[in-house]
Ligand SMILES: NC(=O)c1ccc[n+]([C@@H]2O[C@H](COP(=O)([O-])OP(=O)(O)OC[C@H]3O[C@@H](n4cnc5c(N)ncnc54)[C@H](OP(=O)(O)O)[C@@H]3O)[C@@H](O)[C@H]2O)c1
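Before any questions on how it binds or moves, here is one chain, the form predicted on its own, in C-alpha cells.
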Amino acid sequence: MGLPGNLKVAVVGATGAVGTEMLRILEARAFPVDELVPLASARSAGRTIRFDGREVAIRELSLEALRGADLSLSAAGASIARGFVREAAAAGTVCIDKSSAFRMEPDVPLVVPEVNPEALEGSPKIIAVPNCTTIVAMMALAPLHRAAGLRSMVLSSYQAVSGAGRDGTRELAEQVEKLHDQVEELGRPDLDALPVGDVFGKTMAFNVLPKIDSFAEDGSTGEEIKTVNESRKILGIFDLDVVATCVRVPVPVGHSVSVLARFSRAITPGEARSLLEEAPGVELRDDPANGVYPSPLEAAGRDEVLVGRIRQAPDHDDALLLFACGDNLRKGAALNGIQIAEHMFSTG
C-alpha cells in the first residue's frame, strides 16, 4: 500500500459503535498508527481502550487534544463535528468526518473510494464520508453507471437499528425481550400496551418504521433527502432523477436497498452481473434458484457490498432492478473512512 509510518491518529467518538469499529479496522488493516489519540465526551475521559496490544487513555475532545494529529477520523454527530473540524483542518490535520455536517459543502469532497477517488485529488484537508445507505447504493450502481450512464433511480431502503447507534440496538433488544412470548397476540395488538422507546418513537420490534430523521415540509425525511443529494454529488450528476423511501427494520446490522435504475442505453442483467463481478468492494450473489441472494445477516461483518436479484424492468431494456446489502458500521461508515485515509496517506 505504501503508507508512511509515524502517524498520529485521532479517533473522535472512540467509544461509540462506529468509533469502536474504526479502532478494530485500523488494527486489522495495519494502518500505520504511531500514536493513537482516542477522543470522546467528558463522561468517557479517563477510561482506557486496548489498541495494538496496549492500553490507551481516552481524552475529552478538544482542539488542544487534536493538536499535532496528522489524521482525525470522526464518528461524532454533526453538531460536534461543526465545533472542531474546520479549525483542526486549518491547523494541518486531515479530517475525515462521518457526520452529515460537511457532506454538501461545495469545498468538501464526498467520497466512496471505489466510486469517486478523483475527488481526493489536491489533498483536501476535510473529506466527508457519505450516508451509509448512499454508500451501499453507490457501490452497486457506480459500476453500471460507468458503463451505461445512470439516468434515474428509485430507491427503497431497509436500514438496521445500529444506524441509530448503540441506543438503537439496545432499544430493539429490550423490546424483543418484552414481546417475545406475545408474538401471536401481535395479530391484534393493544397498541397502548406496546413498548415504545426514545430512539425510534414507535415500537421497533416486529415492526418496520418508514421514518428516519425528521420530516421536511414536502413529507420527505432527512434520510431520504440525504440519499438524493449525496447520490447526485458522488456521481457528479447534479440533475439525476432520484427518489427514495427510507425505512428502519428490526435488524441489528446491515443496511439493504432495493433499486430501480434506468440508464442511457440498453443494459441486460447479464452485462450487469459481469460488471459487478469485476467491481472492487462488491460481491455478486445472484443465483436465486439456488438460494443465492443478498441478505443483511450475510453482509454483517463483511467489507464487501453484496448485490443480487438483478433483473430487467418489464418493458424497459434500459432499466434494471437489483437488491444490495452492506454492513452499515463497516463499509457504510468506519471502513469507508479508513479507505479514504489510506488513499490520502499513500506514497505508492
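Keep in mind that what you see is a predicted model, and the values were worked out from it rather than measured. So that there is no doubt, residue numbering starts at 1 and follows the sequence shown.
Although it is not shown, the form predicted in complex with the ligand is what the next lines describe.
Engineer: Let me know the one among V243, L120, A78, V208 whose heavy atoms come within 4.5 Å of the ligand in the predicted complex, would you?
Structural biologist: Checking each option against the ligand in the predicted complex, the one that comes within 4.5 Å is A78.
Engineer: I need to confirm a contact call. Of R265, H180, K202, R166, which residue comes within 4.5 Å of the ligand in the predicted complex, counting heavy atoms only?
Structural biologist: By the 4.5 Å criterion, the partner-contacting residue is R166.
Engineer: Decide yes or no: are S41, S162 and G332 jointly within 4.5 Å of the ligand in the predicted complex, with each residue judged by its heavy atoms?
Structural biologist: Spot residues vs the ligand: full contact, yes.
Engineer: Just one of 265-273, 95-103, 228-236, 187-195 has residues with a heavy atom within 4.5 Å of the ligand in the predicted complex, so point it out.
Structural biologist: Residues of 95-103 come within 4.5 Å of the partner.
Engineer: Decide whether L61 counts as a contact residue for the ligand in the predicted complex under a heavy atom distance cut-off of 4.5 Å.
Structural biologist: Looking in the predicted complex, residue contacts with the ligand include L61, since a heavy atom lies within 4.5 Å.
Engineer: Tell me, yes or no, whether G337 is in contact with the ligand in the predicted complex, where a contact means a heavy atom of each within 4.5 Å.
Structural biologist: G337: no, not in contact with the ligand in the predicted complex.
Engineer: Does A17 reach the ligand in the predicted complex, with heavy atoms at most 4.5 Å apart?
Structural biologist: Taking the distances in the predicted complex, the answer for A17 is yes, it comes within 4.5 Å of the ligand.
Engineer: Using a 4.5 Å heavy atom cut-off, state whether C132 contacts the ligand in the predicted complex.
Structural biologist: Yes, C132 sits close enough to the ligand in the predicted complex that at least one of its heavy atoms falls within 4.5 Å.
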